[in-house]
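The chain below stands alone, shown as structure tokens; this is the form predicted alone.
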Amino acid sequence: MTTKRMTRREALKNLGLLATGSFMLYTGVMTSSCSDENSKKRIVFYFTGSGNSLYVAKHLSAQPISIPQVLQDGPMEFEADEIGLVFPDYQGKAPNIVQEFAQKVKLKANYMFSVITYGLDNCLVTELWEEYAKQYGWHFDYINVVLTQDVYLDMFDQDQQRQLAAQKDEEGQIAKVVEDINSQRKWIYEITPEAHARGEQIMNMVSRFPIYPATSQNLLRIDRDLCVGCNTCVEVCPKKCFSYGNMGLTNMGDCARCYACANNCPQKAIKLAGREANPNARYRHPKITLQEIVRSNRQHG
């Protein structure tokens, strides 16, 4: 079977981001998110690379607000009856971009919650996140986890993970979380002594192979035989690591390690520089569109 090579114009058309249109999508989301959420008395912030956390966030708010966009444009103070954060577990901790959000943004609410998505083992992520957030004056009434497809490309073949997804009952987990939060349940995910011991073993192991700090040029490589210059990676990167110019596509700078670039490249031209379970298998949540990932992460200026 021969795969038809996509042209740059075709890729841009599929991306749906020809100049004016992309700007309207971006500004429209930021404006409606802030006003709609404040009127509802609930604000939900999220960070996503694969779409898993965004899918959860959309069940909790009609217009969840992107953490990368807040860090770029502000404001940095929010007040509502309920404020929540939804983000993925990265080696038992919040992603660096979420930690930066905690350091810079002031939140005030009568009820605060977090929902953390994970793929294999949630380690001690709820405990570590609660401790970290307290340093910046955040006290959560509710913290829970949702088991989703594991999208850590270094270790997991996404084709194989996709086959296991049905067993995780993602919808059932989300429904329970929504019910809890709508009733303002006060509860922190309980880590059993056995799970705590296992989590400490896992954390000791991953501490020998930390994912941060990471730079895009060291972590990722561009297959120039496949790249058509469609700018998808430029649009979905929350750290502005990619640029397209006279020299073609280049990447450099601090990497969020979200793999939005690799997972959303239509040509699969973004590869991991090191070990990768399956460089031909990529993932985006089946109910999240590419345009939603772009609106979540696109950086301007």
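Here the structure is a predicted model, which means the values were calculated and not measured. One rule holds for the numbers: they count along the sequence shown, beginning at 1.
Absent from the display: the form predicted together with a small molecule. The rest refers to it.
K.L.:
Does the trio 42, 84 and 177 actually contact the small molecule in the predicted complex, every residue with a heavy atom within 4.5 Å?
P.N.:
Checked in the predicted complex: no contact with the small molecule for any of the three.
K.L.:
Could you tell me which of 128-136, 86-94, 70-78, 178-186 sits within 4.5 Å of the small molecule in the predicted complex, going by non-hydrogen atoms?
P.N.:
This holds for exactly one stretch, 86-94.
K.L.:
Can you tell me if residue 144 lies within 4.5 angstroms of the small molecule in the predicted complex, counting non-hydrogen atoms only?
P.N.:
Outside the cut-off, so no.
K.L.:
Please run the contact check for residue 199 against the small molecule in the predicted complex: heavy atoms, 4.5 angstroms, yes or no?
P.N.:
No - in the predicted complex, heavy atoms of residue 199 and the small molecule never come within 4.5 Å of each other.
K.L.:
If you check in the predicted complex, is residue 211 within 4.5 Å of the small molecule, heavy atoms only?
P.N.:
Looking in the predicted complex, residue contacts with the small molecule include residue 211, since a heavy atom lies within 4.5 Å.
K.L.:
Residue-level question: is residue 152 within 4.5 Å of the small molecule in the predicted complex, judged on heavy atoms?
P.N.:
Answer yes; at least one heavy atom of residue 152 falls within 4.5 Å of the small molecule in the predicted complex.
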